[in-house]
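Coming up is one lone chain in structure tokens, specifically the form predicted on its own.
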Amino acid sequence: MIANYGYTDGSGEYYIAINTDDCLECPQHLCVNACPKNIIEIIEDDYDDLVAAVKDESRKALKYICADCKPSSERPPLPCVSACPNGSLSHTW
């Protein structure tokens, strides 16, 4: 299942998508420690599995919180995306 965390406003759509099926295969959950803003956490989903999720308090401000990792030009690889060995995590903007 793809879980989308974020929001849409007049300037665009700002979501972090996590493929929870693929996330289950990563017992280290490397994305949690890779995020310099500490917005990713491990939660227990509806099926009692431990998966990554974006913290509730960060979901409505992703555009601003993630801005340091996403400059408008010469964008380096995103730390959270690069840390995921299964490619489970992506950003929409």
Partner chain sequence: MITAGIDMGAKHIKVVILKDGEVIGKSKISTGFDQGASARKGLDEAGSQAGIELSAIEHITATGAGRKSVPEKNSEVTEVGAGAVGTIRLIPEARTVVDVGAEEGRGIKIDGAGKVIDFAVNEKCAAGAGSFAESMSRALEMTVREFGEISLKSEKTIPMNAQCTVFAESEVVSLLHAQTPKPDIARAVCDAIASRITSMVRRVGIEQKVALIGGVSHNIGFVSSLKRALNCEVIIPEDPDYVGALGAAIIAGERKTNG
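Residue numbers count along the first chain shown, from 1. Predicted, not measured: the structure shown is a model, and the values here were computed from it.
The form predicted together with its partner chain exists for this protein as well; it is not shown, and the discussion that follows is about that form.
- At least one heavy atom of residue 13 is located within 4.5 Å of its partner chain in the predicted complex.
- Taking the partner from the other structure, its partner chain in the predicted complex has no heavy atom within 4.5 Å of any heavy atom of residue 37.
- Shown alone here, residue 9 lies within 4.5 Å of its partner chain in the predicted complex, counting heavy atoms only.
- In the predicted complex, none of the heavy atoms of residue 29 sits within 4.5 Å of a heavy atom of its partner chain.
- Within 4.5 angstroms of its partner chain in the predicted complex, the stretch 27-50 places a non-hydrogen atom from each of 46, 47, taken in sequence order.
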